[in-house]
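Next up: just one chain, as structure tokens, the form predicted alone.
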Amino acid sequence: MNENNGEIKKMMIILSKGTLENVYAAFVLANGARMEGIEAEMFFTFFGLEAVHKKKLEHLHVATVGNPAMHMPTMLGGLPGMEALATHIMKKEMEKIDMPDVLEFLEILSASGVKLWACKLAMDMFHYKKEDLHEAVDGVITVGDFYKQSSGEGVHMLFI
């Protein structure tokens, strides 16, 4: 029997949300894997595609409604300008710790060897074309293709 003693060899990260906090969580996890010498692949589906869409990736927002971690009443989070304010504050705090913006982070991930995949079903559903996506995206694949790439020992999958 071949034992790998629980060693993580590859991280497969599925990003389904396009909020700034979810995109950064996925990017940090993929980048952290690469820094530890672990392979990483990302699969962008549904609203997660906004993180790699050329016209949308620099306009992501923090979710203020339905986010209990915001510690504000839902009604307050829905007020005009509240989402923009929360987004501005989060971006300022990230700048203070030298966190790259979404575009630069995408390029860092690609350069470090993270494979970036767009979901074919979501692409079709939103009528996106490969040309709409950032050049760092390696291709458009089906969920079945992503699962095939997830086979093997020491592979972990995260859904964000």
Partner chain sequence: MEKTIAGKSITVNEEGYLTDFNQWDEKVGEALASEANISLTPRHWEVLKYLQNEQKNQVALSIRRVGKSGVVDIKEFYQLFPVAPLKTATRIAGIPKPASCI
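Residue numbers count along the first chain shown, from 1. All values derive from a computational prediction rather than experimental measurement.
What comes next is about the form predicted together with its partner chain, which does not appear here.
Undergrad: Picking from 97-105, 52-60, 116-124, 129-137, which part of the chain touches its partner chain in the predicted complex when contact means heavy atoms within 4.5 Å?
TA: This holds for exactly one stretch, 97-105.
Undergrad: Given that its partner chain is not shown alongside this chain, does K91 nevertheless sit within 4.5 Å of it in the predicted complex, heavy atom to heavy atom?
TA: No, K91 stays farther than 4.5 Å from its partner chain in the predicted complex.
Undergrad: Who in 16-47 is close to its partner chain in the predicted complex, meaning a heavy atom within 4.5 Å?
TA: In sequence order, V28, N31, R34, M35, E36, G37 come within 4.5 Å of the partner.
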